[in-house]
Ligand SMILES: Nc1ncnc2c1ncn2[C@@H]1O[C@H](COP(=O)(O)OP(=O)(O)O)[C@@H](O)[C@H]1O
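To begin, one chain is listed below as structure tokens, in the form predicted alone.
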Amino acid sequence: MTDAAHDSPLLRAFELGRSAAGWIWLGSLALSCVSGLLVPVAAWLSRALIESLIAAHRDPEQAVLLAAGVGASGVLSALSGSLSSLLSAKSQRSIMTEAAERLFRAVNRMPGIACFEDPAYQDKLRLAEQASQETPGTLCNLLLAVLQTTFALVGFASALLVIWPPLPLVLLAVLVPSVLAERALGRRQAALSAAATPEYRRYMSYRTLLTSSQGAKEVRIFGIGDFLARRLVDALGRSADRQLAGQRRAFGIQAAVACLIGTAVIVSTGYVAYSTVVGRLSVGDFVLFTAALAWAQGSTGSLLSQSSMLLASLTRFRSFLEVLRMPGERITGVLPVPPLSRGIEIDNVWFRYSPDGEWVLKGLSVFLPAGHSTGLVGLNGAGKSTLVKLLCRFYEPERGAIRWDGLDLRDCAVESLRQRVAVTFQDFATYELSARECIGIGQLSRLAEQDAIETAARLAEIDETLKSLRYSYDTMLTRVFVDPETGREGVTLSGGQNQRVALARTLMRGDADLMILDEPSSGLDAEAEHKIHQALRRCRIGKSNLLISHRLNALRDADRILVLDDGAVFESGSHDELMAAGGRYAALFAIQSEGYLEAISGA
């Protein structure tokens, strides 16, 4: 697809269908033409058959042949229509998968995460996903209907011209305003759909909380099910109200169109009936006219309905095209990132999440030497997690720079940087995959290396747990889905066990130059935490590490500890140096130590 902003959504949707389905789609279009052409053929043969039956001198053989022709054309029309529907369904499957692939390829092209925290982008993405699934299929169905109707119209047009020459003009005069009205209606419905999207997303959010295994525990322990259900119903109601407003407007327009078409039908039918009675037209002409009229009414209604649906879909399809054309935020750079030899310099970095938001980092300057461990301490909101996001280039500094051995990260290729970084996030993800995959995806190139996966699991103290599962590493780590290949049910791990799996996933990148551990043991008991940190110390030897933890005891062996406060370094030094200084770090450490001593004395 091209990136030209002026590209027609109709042409882009057509290109998507042709590219995804190829000859299958074209074959369904061709069969629709045949099916449409057979409709007037059957009507003409019916006219001839009736004329033959009421003729003064009847020919039995001719009557039989005409009757057989009527039946055969009907059978062939039905068969070609059914085969066209089958090919259409097959092509729509290909179109849907191709559209999904293009959409999520574009989503994955976003190197940062700013857009995923933007409500407007989420609304656009929702519309894009909806449009990518419905628009090509709706277009396909409409094209089939248009081609079928066009070829049938060519056959019937001659009959209508013979019966009453002004009749096609009358129908055209009715059809044009009907199409224009439906076009306006389609655009209005698309606008209402876009306006309803935020409320529908809110509804889906509440629905997830009420139905997911993660939300079920808190919903029940806090007794907030009815509270959330009311919020869900309110959001759904507001979304439905917008849609209902569109339906009320649609009723008025469609009623006017129906009256206009009905008037044309009454006038034309009255004229043809009168002409037949007075002998201007034959009974066969009247039969042909009524067949054409019945077809025209059904086809016109279907075309208008599908045209309205298509116009609404094409308006939403623009969101799909916009997502595909999004340039990937401001994160650029093409230079390869070399192995870290000197260190990472954070030079006067300022950052906020929106142009009018509060500054999270305020002139942060610090050097993270290669091969050393740096601890990061600070109260919530001090900027610790934000710094991690900047080091991973999920965001760019608004001022200042971050340099890797003197190379500004903004000049580096994002993929190259991230291949040299391993991270365990505080809000780590859980994947509804097998245990093997949940760990192996930390380094996709080694997904098939069972030894590497088990080594990472042992370092994270989760190997024995996974091996004890019913299907060992092939066990699905979810109860929501079964294994798609074997149908085996999975299990749900505890929070601490999931955290160890996330840590093992990080440790799959054993060759990373920088390892960032953001609260890697927050969900573990004291014994497990001790074992994990012993293992991590062995992994960190000779590597650059950034350790973030509220448990200050976990940072004691770091080469240097940075205390962040209000977006800047408040104090820094080794554990012993900071304790001797008696500053913020020493006060926090004393508070935690007192808590441990109280717990021991109380026991």
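Sequential numbering from 1, following the sequence displayed. Because the structure is a prediction, the values reported are computed rather than measured.
The protein also exists as the form predicted in complex with the named molecule; that form is not presented, and the subsequent description refers to it.
Note on the partner interface in the model of the complex: the residue among Tyr353, Phe251, Phe481, Phe227 having a heavy atom within 4.5 angstroms of the named molecule is Tyr353. Only one of the listed residues (Lys389, Arg436, Arg420, Arg207) places a non-hydrogen atom within 4.5 angstroms of the named molecule in the model of the complex, and that residue is Lys389. For the chain shown alone, Ile95 is not a contact residue for the named molecule in the model of the complex, no non-hydrogen atom being within 4.5 angstroms.
In the model of the complex, the named molecule stays beyond 4.5 Å of every heavy atom belonging to Gly71. For the chain shown alone, Ala512 is not a contact residue for the named molecule in the model of the complex, no non-hydrogen atom being within 4.5 angstroms. Using a 4.5 angstroms threshold between heavy atoms, Leu379 counts as touching the named molecule in the model of the complex. The stretch that touches the named molecule in the model of the complex, counting heavy atoms within 4.5 Å, is 353 to 361, out of 353 to 361, 466 to 474, 486 to 494, 404 to 412. Using a 4.5 Å cut-off on any heavy atom, the residues of 384 to 400 that reach the named molecule in the model of the complex are, in sequence order, Lys384, Ser385, Thr386, Lys389, Tyr395.
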